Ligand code: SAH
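The chain below stands alone and is given in structure tokens; this is the form predicted alone.
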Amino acid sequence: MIGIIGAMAVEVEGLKKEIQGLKITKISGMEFNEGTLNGVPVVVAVCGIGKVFAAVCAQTMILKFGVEKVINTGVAGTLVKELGVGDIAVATAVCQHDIDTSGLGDPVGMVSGLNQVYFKTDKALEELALEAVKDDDIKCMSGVIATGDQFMSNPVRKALIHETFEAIAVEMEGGAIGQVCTINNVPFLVIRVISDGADDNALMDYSVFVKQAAEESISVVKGILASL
């Protein structure tokens, strides 16, 4: 079974509508939609915005539904000039830019206990995602996606995150999902369609383009499922 997580309804609504044999289970205020999609057993959920909700959702999928892989889909702000609104970022790894125990001598972003900054995504899932967009006229880029409990609209902070982590996009859930999947030995992937520039115009761009970006991300997920 594949677990598919989106922070907002718009990021997974298109998937939920196509689930066959739908069974809905509510846990911790979250709705888990179980069934088959493109012939693949799935459970799809809206986790809510932010790292805590994302972590709770991922852990529930692993323990309650026994998912074998997790895909986190949604939107993000770009951190690089090569990616604009509507382009796709596929994570090779995720990190959490708002973890900082550097006062203790640790690298910024290091998760204490695990003692690592980056959580690597599943290479096979990454390749399926890249294959899914190969024939579309959409720019796609692989790289680190950074996560934090902040809607990024500060150009100075944006530049710092890019420079510190060599990240290509920034969002609010993927790093937490990556951490949960890593400690449970569950392969995962984070896919983000760019909805804004993570800068002074971020709120305006996000409001205009979030729905379109989410639909593109859903399309990539469907492409992955079709290849599994």
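None of the values given here were measured: they were computed from a predicted structure. The numbering used is simple: start at 1 and walk along the sequence shown.
Keep in mind that the form predicted in complex with this ligand is not shown, yet the notes after this line are about it.
Enquirer: Using a 4.5 Å heavy atom cut-off, state whether Ile49 contacts this ligand in the predicted bound form.
Expert: The answer is yes: Ile49 has a heavy atom within 4.5 Å of this ligand.
Enquirer: If you check in the predicted bound form, is Val94 within 4.5 Å of this ligand, heavy atoms only?
Expert: Val94: no contact with this ligand in the predicted bound form.
Enquirer: Are any of the heavy atoms in Leu128 no more than 4.5 Å from a heavy atom of this ligand in the predicted bound form?
Expert: No, Leu128 sits far enough from this ligand in the predicted bound form that none of its heavy atoms falls within 4.5 Å.
Enquirer: If we define contact as a non-hydrogen atom of the residue within 4.5 angstroms of the partner, is Val144 a contact of this ligand in the predicted bound form?
Expert: Result no; Val144 lies far from this ligand in the predicted bound form.
Enquirer: Looking at Val170, Ile191, Ala58, Val44, which has any heavy atom no more than 4.5 Å from this ligand in the predicted bound form?
Expert: Contact residue from the list: Val170.
Enquirer: For the chain shown here without its partner, which stretch in 59-67, 191-199, 28-36, 177-185 has non-hydrogen atoms within 4.5 angstroms of this ligand in the predicted bound form?
Expert: Selected stretch: 191-199.
Enquirer: With this ligand taken in the predicted bound form, which residues across 1-22 come within 4.5 angstroms through any non-hydrogen atom?
Expert: Stretch hits, in order: Ala7, Met8.
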